[in-house]
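This document starts with one chain, in the form predicted alone, laid out as structure tokens.
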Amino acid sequence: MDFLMLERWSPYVVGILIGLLNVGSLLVSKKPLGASTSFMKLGGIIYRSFDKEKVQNNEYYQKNELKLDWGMMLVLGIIIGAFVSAMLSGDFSLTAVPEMWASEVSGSFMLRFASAVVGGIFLGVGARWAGGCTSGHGISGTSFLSVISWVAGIAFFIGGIAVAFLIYGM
């Protein structure tokens, strides 16, 4: 079990494990892996406590039942798993501004916080606009040979490379 203590795992091993998780998810729940729908459902559950009628009349929420489901448990499991992994490897630390961000962008907490909020909003809107997130399209959709998922996956890489060029000025 020493591999659980590693700070970084082999991307090949992790890729195989994610593929097996995808197959397991399909066999057990009959649903592909994905996370962005869970955030939309959680948002609907929270919003429902403020304006129940508006949520009930929302077309998206009529198609997607607002309940605690396996997808929300997947997201919770990712958060808990990342925490446990960081604790086991001895790599856990609370940092307001990560060292790499401070050296490459800025040491300002407010700039880091604003960037995280704006980036999160863009990612959320983009995931809904694309009909799925990187796990929904990049892992599950591509394994089904979905053309839109392959296009989305390629766009994820192009976007990531473009941002890396912007940040690091390569």
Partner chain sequence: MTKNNRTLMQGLIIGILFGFFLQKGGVTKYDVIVGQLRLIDFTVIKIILTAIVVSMLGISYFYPKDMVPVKTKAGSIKNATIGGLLFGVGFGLLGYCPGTIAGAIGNGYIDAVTGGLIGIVLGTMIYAMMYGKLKEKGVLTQDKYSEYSLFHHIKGSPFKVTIPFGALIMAVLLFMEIGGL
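What we label the rigid core is the largest C-alpha set whose atoms superpose within 1.5 Å from one form to the other. Given the structure is predicted, the values throughout are model-derived calculations rather than measurements. Residue numbers count along the first chain shown, from 1.
Below, we turn to the form predicted in complex with the partner chain, even though it does not appear here.
Trainee: Taking the partner chain as it sits in the predicted complex, is residue 30 in contact with it (heavy atom to heavy atom, 4.5 Å or less)?
Mentor: Residue 30: yes, in contact with the partner chain in the predicted complex.
Trainee: Just to confirm, residue 110 within 4.5 Å of the partner chain in the predicted complex by heavy atoms?
Mentor: No, residue 110 is distant from the partner.
Trainee: May I ask you to state whether residue 127 is within 4.5 Å of the partner chain in the predicted complex, using heavy atom distances?
Mentor: Output for residue 127 is yes: heavy atoms within 4.5 Å of the partner chain.
Trainee: Should residue 53 be counted as a contact of the partner chain in the predicted complex, where contact means heavy atoms within 4.5 Å?
Mentor: Close contact is absent here: in the predicted complex, residue 53 is far from the partner chain, nothing within 4.5 Å, heavy atoms only.
Trainee: Considering only 120 to 140, what residues come within 4.5 Å of the partner chain in the predicted complex, judged by heavy atoms?
Mentor: Contacts from 120 to 140: 120, 121, 122, 123, 124, 125, 126, 127, 128, 129, 130, 131, 132, 133, 134, 135, 136, 137, 138, 139.
Trainee: Given a core-based superposition, decide whether the C-alpha of residue 161 shifts by 2 Å or more between the shown form and the other one.
Mentor: Indeed, residue 161 is displaced by 2 Å or more.
Trainee: Can a Cα shift of no less than 2 Å be assigned to residue 62 between the shown form and the other one, given superposition on the rigid core?
Mentor: Yes, its C-alpha moves 2 Å or more.
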